[in-house]
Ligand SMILES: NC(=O)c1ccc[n+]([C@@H]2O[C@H](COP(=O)([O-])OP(=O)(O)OC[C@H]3O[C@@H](n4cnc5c(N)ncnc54)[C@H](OP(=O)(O)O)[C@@H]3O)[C@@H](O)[C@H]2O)c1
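Presented below, as structure tokens, is a lone chain in the form predicted alone.
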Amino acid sequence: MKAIQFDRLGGPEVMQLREVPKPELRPGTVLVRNHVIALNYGDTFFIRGQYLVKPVFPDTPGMEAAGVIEEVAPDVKGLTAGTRVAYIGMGSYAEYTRIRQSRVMPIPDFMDYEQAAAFPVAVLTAWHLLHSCHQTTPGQSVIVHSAAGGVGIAAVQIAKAAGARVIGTVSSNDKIDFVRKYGADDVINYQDQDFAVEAMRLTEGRGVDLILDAVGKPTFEKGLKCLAPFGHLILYGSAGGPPDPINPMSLFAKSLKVSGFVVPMVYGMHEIHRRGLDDVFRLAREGKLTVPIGKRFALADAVEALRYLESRRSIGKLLLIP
């Protein structure tokens, strides 16, 4: 089979398309033939050795895809060959991926492979940020940083469906209308305006109840300044570098809360994981949640695709087609 591999740390240039053996089943796993593979910013950290999971050379990047189960280990129950599935798991930049049963999600009949591939990381991350890490309720105000990206555009829609006021931030004016189209009440170009100052103006000096931050250093400290009393900032990425250490005493004045989140932590929490899946599929079925596809690349063009992702020019979700 064809797969993208790398055997040294670095940028997208370390990746190569190779012919490798098809993975063999292990207990508790299934073999998925990937139809569509989704890119994530975490892929760039993985190939640099900066992700929570460290590469074992030669390794294959990629965290999610959708396809069809081709083989099932004898001890796997409830899944069969021929089932359409999406999954979250390492090694998806390939024609086939061996994946643990617990990481596999059967696809509803109404959903195509592109949406299914785009859902697992981006949409579930957004949902858990808004409904597991925080209890988003009608009338709350939410800042979604990187609102034109995969997680961001999902968070805009899920927050809006929950009745929140949504303020998106973007890096260029050509993304403003795009984010508004998916439900944002206000959109701030943080290159031209100080988002914290604008957020305070938009909320008439009160501040926002929740900030979803995958940027890190450039946005973290400013975010704390525009939180409302009892406000909550959730850090779930660091595309702009890790934020500086925080003095917990600085949270006292407005009783602020700071937390972190990565979606793999819910894998073993079956009730929470199931609740998230059921709700995002419901929202999709009702037409309230979709992941716009920004661009498609052939698997062989993974280096170009990841460079495009890093350029910050992309909107929506980027896909690889094996």
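Note that residue numbering follows the sequence shown and begins at 1. If you're wondering where the values come from, they're calculated on a predicted model, not measured in any experiment.
Another form exists, predicted in complex with this ligand; not displayed. Remarks below refer to it.
Peer 1: Looking at A164, A214, L130, A184 here, can you tell me which has any non-hydrogen atom within 4.5 angstroms of this ligand in the predicted complex?
Peer 2: Only one option qualifies, and that one is A214.
Peer 1: To verify the annotation, which of these, F46, F281, Y41, F297, has a non-hydrogen atom within 4.5 Å of this ligand in the predicted complex?
Peer 2: None of the others qualify; the residue that does is Y41.
Peer 1: Candidate spot V151, Y236 and P264, all three in 4.5 Å heavy atom range of this ligand in the predicted complex?
Peer 2: Yes: each residue has a heavy atom within 4.5 Å of the partner.
Peer 1: Quick one: find which of 221-229, 246-254, 117-125, 201-209 has residues within 4.5 Å of this ligand in the predicted complex by heavy atom distance.
Peer 2: This holds for exactly one stretch, 117-125.
Peer 1: Any of the heavy atoms of R307 lying within 4.5 Å of this ligand in the predicted complex?
Peer 2: No - in the predicted complex, heavy atoms of R307 and this ligand never come within 4.5 Å of each other.
Peer 1: In the predicted complex, is there a heavy atom of this ligand that lies within 4.5 Å of any heavy atom of S141, even though the partner is absent here?
Peer 2: S141 lies outside the contact set for this ligand.
Peer 1: Should G316 be classed as touching this ligand in the predicted complex when contacts are defined as heavy atoms within 4.5 Å?
Peer 2: Looking in the predicted complex, residue contacts with this ligand include G316, since a heavy atom lies within 4.5 Å.
Peer 1: Considering only heavy atoms, tell me if P108 and this ligand come within 4.5 Å of each other in the predicted complex.
Peer 2: Outside the cut-off, so no.
Peer 1: Considering only 182-212, what residues come within 4.5 Å of this ligand in the predicted complex, judged by heavy atoms?
Peer 2: Sequence-ordered list has one entry, Y190.
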